[in-house]
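Take a look at this single chain in structure tokens; it is the form predicted on its own.
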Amino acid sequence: MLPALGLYGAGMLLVRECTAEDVVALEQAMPTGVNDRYGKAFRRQQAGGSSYLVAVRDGVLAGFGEVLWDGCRMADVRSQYPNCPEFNGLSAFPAGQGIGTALIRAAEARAENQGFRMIGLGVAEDNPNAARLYLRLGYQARTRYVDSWSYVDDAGTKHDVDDPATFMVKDLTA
């Protein structure tokens, strides 16, 4: 197991890099089926392309998110913010317990330790609660874009999704 990235808040919240055992637990709790969301993120981490972070409170998985070291998946955003890793796919449960903040802070620390001067994240326009959190944590709205992605449902049908979003950036040197 990799060393802890930090301890945060009540109930001993630990943020660390994901393990193979975590992937199994995540799939059991929130199956992703043929999309294999957690497995793909874990394999990117194993290949060095990301740090897949999990939050564990009192031995129970409480959230996750991934630092993509190459930046935003959307090429137009990535070209505007080179050398800016993206924290992607934040999920915290239950919400409002400081888990998301802890994951973001751990992602920022990882990026800073890797020598990055900034970190970014995308927020969907229909998610004002997340936008408020990011603003409170020092992120600034920079670029509007369309986050395009796809998934396959249980029947095997592929769905393409276009989410209007804003890329927000935090200066880690401030």
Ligand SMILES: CC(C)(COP(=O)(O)OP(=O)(O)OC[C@H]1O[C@@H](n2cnc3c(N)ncnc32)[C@H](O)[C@@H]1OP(=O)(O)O)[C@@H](O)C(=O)NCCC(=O)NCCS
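Each residue number is its position in the shown sequence, starting from 1. None of the values given here were measured: they were computed from a predicted structure.
Unshown form predicted in complex with the ligand; subsequent notes refer to it.
- Considering the ligand in the model of the complex, the lone stretch of 106 to 114, 127 to 135, 23 to 31, 53 to 61 in range is 127 to 135 [heavy atom distance within 4.5 Å].
- Mapping the unseen interface onto this chain, residue 122 counts among the residues with a heavy atom inside 4.5 Å of the ligand in the model of the complex.
- Among residues of the shown chain, residue 96 is one whose heavy atoms approach the ligand to within 4.5 Å in the model of the complex.
- For the chain shown alone, residue 90 is a contact residue for the ligand in the model of the complex, at least one non-hydrogen atom being within 4.5 angstroms.
- Though the partner is left out of this view, residue 101 does reach within 4.5 Å of the ligand in the model of the complex, counting heavy atoms only.
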